[in-house]
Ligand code: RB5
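Okay, here we've got a single chain as C-alpha cells, the form predicted alone, with questions on binding and movement later.
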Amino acid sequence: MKVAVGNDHAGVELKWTLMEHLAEIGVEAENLGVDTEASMDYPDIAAKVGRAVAGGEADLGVLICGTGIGVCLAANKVRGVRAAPCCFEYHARMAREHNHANVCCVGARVIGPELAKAIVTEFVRTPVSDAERHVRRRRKVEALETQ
C-alpha cells in the first residue's frame, strides 16, 4: 500500500511523525507536503494529494493542516476524492468502512501525535464494507460528481 502524505505549514512536525509511523507499520508513504513552517496555501497541497490518489499514484492519502478542515474541503473538490476529517479512530474506521473515504484529514493544532498515529493506523487498516446499503450510498455520492 502506498499513502500520499501532504501538509501545510501547520502540519510539518506531525507530517514527519506520521511518515515515520507509516513506515513502522509497513506502509509506504510519499511526502507531498512542505518541509518548512513558512506560510503557504493548503489548497495547493490538498490538490496534489487528491490528484495522486484519484490518479492511482497512491492508494490512500493523508492530509494535515491546522484543523484538518481546510485540506478536507479542498481535497473533496478533486474528482474521485472522498476526504474525511478524522478526530478520533472511530471517524477513521467509519470513513473507510462505510463511506469508502480515500483521504484522511487531521488537524495538527487540535489532536496530539499519538492520537494522530492511531487515527491513521485505523484508516489504512480498515477495509471498505461491501454491504449493499453502503455500496448503494457510495454510488449515490459518486453520482453527485457528475451532476
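Residue indices: 1-based, along the sequence shown. This structure is a prediction, so every number in the text was calculated from the model and none was measured.
Omitted from view is the form predicted together with the named molecule, to which the following refers.
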Proximity to the named molecule in the predicted complex (heavy atom, within 4.5 Å), stretch among 133-141, 5-13, 21-29, 119-127: 5-13
4.5 angstroms heavy atom contact with the named molecule in the predicted complex for C86: no
In the predicted complex, N102 touching the named molecule (heavy atom, 4.5 Å): no
Proximity of R109 to the named molecule in the predicted complex, heavy atoms at 4.5 Å: yes
4.5 Å heavy atom contact, A58 to the named molecule in the predicted complex: no
Of A52, V81, I45, C65, the one that lies within 4.5 Å of the named molecule in the predicted complex (heavy atoms): C65
